[in-house]
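Quick setup: one chain, the form predicted on its own, written in C-alpha cells, and binding and motion questions come after.
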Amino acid sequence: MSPFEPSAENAVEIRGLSVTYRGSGKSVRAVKDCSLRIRRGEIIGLVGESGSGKSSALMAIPRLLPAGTLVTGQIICDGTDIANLSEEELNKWRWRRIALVPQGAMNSFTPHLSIERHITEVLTCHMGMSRREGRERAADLALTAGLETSILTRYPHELSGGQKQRAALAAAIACDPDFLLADEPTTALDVITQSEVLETITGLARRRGMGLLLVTHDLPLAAGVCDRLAVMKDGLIVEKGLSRQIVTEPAHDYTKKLIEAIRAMEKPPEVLP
C-alpha cells in the first residue's frame, strides 16, 4: 500500500499535479504529474535541491502561483476539488482551512502596517471579528508563536528574521486552520533561530492536530521532524515513505546520492600528522 494512498476525509491531496510557467516564447514545466497526500495530524516533508519544483507544488495548493501559470490536476480537500473553485469560493478555504507560512516572511507583510494590524486584518476579514476582538486574539496568537506582545505595535522592518517568521506563523494560525503549508520557513535564519522557529511550527501542528506540509532543501532537518518524506527532483516526486525508511533504506538513486552527500559532510576532518 502506498504511504500516500488517497483518502477523501481529513486530508489534502494533490493528484496528477503539473505546473507550467509560460513566458515569451518559452515554457518551463516545474512540476510533473505529482501526487501527494497531507493528512490532519501528520507532518510531511517535501525535500529536494533548489529548483526541483517543491515550492511550485506547495503554492499550487492555495492557488498562489503567478498569473498565467498553467496548472493541471486535482487538489482535493475533504472531497472538494479546490482547483476548480472560483476566487470567491477559494477565499473561504484560505486561512480558515488551509494557511501558508511563506518563504522570506518579509515579503508577506505590508511595510506601513503594524504586526497587530496584519493579524487583526486576517481575523476581521475571515472570522468576522471586531477590531477589539481581533486585537485581543492577536495578543494570544503572538504568545503562541513565541513572541512578546510588545512586538505587535512594531512594523515589519523593525523585526529580526526569526521574529518575522514567528509573526507570519501567528497570522497563519489565526483562523485555526486544518492544514498548514510552510515554504522553506527557516531560509536565511541562523542555525539556532532555525531550530527554534521549526520547533515552534511543528509543535503547534502537533498540538493542534493540523496537517503540515514542510518544504525544505534540508533533508536531515526534514527527517528529524517529519513523519513522512517525499523526495523531489526535476519536477518529479521520485520517492516517498516514512522518514526513517527514506533515510536508512533509500530506494531511488537521487535519494541515495543525497544521503551519501550528507554523510560525507558529517565525517570528521582528517588530522594531518
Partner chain sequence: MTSARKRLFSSVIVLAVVLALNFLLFRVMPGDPLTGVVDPRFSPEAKQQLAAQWGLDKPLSEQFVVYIREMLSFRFGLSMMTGAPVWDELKNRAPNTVALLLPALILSAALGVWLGVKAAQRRGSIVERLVLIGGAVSFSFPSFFVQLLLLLCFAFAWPVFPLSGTTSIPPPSGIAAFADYLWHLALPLFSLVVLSFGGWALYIRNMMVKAMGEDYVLMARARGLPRRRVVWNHAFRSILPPVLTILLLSLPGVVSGAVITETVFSLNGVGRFLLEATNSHDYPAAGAAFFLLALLTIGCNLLADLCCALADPRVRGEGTRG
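Numbering follows the first chain given and starts at 1. These figures come from a predicted structure and were not determined experimentally.
Same protein, other form: the form predicted together with the partner chain, not shown, and the subject of what follows.
Among heavy atoms of V122, some come within 4.5 Å of the partner chain in the model of the complex. Remark: G161 does not count among the residues lining the partner chain in the model of the complex, judged by a heavy atom distance of 4.5 Å or less. With a 4.5 Å cutoff on heavy atoms, R135 does not count as touching the partner chain in the model of the complex; it lies far away. Though the partner is left out of this view, S108 does reach within 4.5 Å of the partner chain in the model of the complex, counting heavy atoms only. Highlighted residues F179, A205 and D234: none comes within 4.5 Å of the partner chain in the model of the complex, counting any heavy atom.
Scanning A30, M59, L36, V225 against the partner chain in the model of the complex with a 4.5 Å heavy atom cut-off leaves one residue, M59.
Listed stretches are 151-159, 72-80, 138-146, 196-204; the contact stretch with the partner chain in the model of the complex is 151-159, by a heavy atom cutoff of 4.5 Å. Contact annotation for 47-82: residues with any non-hydrogen atom within 4.5 angstroms of the partner chain in the model of the complex are M59, R63, L64, listed in sequence order.
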